[in-house]
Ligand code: XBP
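Next up is one chain by itself, shown in structure tokens, the form predicted on its own.
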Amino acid sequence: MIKAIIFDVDGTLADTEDGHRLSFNKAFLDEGLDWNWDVAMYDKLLKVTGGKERIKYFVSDFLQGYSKPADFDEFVKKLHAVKTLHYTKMISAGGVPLRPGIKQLIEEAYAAGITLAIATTTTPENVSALLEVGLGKNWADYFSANGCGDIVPHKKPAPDIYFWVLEKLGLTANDCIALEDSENGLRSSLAAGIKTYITINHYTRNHDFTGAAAVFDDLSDLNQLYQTAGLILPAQPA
């Protein structure tokens, strides 16, 4: 019997990646950089999880001849902070809605007594901005653990964030299922021993999802997930 559902955020709860991309570009302009990440470039950069890590990957692998500032880590930290301000402003304005079925799933699972948690590489500010718009000001009441940002030393595809969430919940991997959208997310959850369901998006459509319990376009038909995962919730008769 499934006791908990653990949610990834970016790409899973909402199609946020283009919002992140545009926010990075605004931050670059603010900081006087002539960088611009188009869709094709961002698709390549999504190989790496975490915004600060993505900036470093871009500099190391795609910027030939670039001279790093003396305190490069501080430079990246500041740049990412500016990006986060742009992103949370966009989210707070309702620019990125939750994906189909997500709000209903969260509400129905919570009402059925299933524990909910978050396991993501994005910042706490980003999570809060998205879910406050999507679920309301009391969004945090739905979740028993909120694993995000730099709370663990190694980001996905490492399993650290899932192990952290399992410890917080006091549950085993067999008690839970995970919802992810990307290959890195899947590798992370599977490495923690958690049965994982995938909802694809534009950026992850061609990822390798070997090992996933099932792959869906989205969750607009929640009964499909409920039946596949063996969930007995209000939307599906017992």
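The first residue of the sequence shown is number 1, and the count goes up from there. In this text, all values refer to a predicted model and were calculated from it rather than measured experimentally.
Beyond what is shown, the protein has a form predicted together with the ligand; the following relates to that form.
Trainee: Which among 77-85, 135-143, 91-99, 108-116 is in contact with the ligand in the model of the complex, heavy atoms within 4.5 angstroms?
Mentor: Going through the listed ranges, the match is 77-85.
Trainee: Looking at Ala173, Ala27, Leu46, Leu190, which has any heavy atom no more than 4.5 Å from the ligand in the model of the complex?
Mentor: Only one option qualifies, and that one is Leu46.
Trainee: With the partner left out here, check for me: in the model of the complex, does some heavy atom of Leu225 sit within 4.5 Å of the ligand?
Mentor: The answer is no: Leu225 has no heavy atom within 4.5 Å of the ligand.
Trainee: Report whether the minimum heavy atom distance between Tyr42 and the ligand in the model of the complex is within 4.5 Å.
Mentor: Although the ligand is absent here, Tyr42 would touch it in the model of the complex, with heavy atoms inside 4.5 Å.
Trainee: Is His207 close enough to the ligand in the model of the complex to count, meaning some heavy atom within 4.5 Å?
Mentor: The answer is no: His207 has no heavy atom within 4.5 Å of the ligand.
Trainee: Please determine whether Val9 contacts the ligand in the model of the complex, using a 4.5 Å cut-off between heavy atoms.
Mentor: Flag for Val9 set to yes.
Trainee: Which residues in 121-147 have a heavy atom within 4.5 Å of the ligand in the model of the complex?
Mentor: Going through 121-147 in order - heavy atoms within 4.5 Å of the ligand in the model of the complex - the hits are Thr121, Thr122, Thr123, Asn126.
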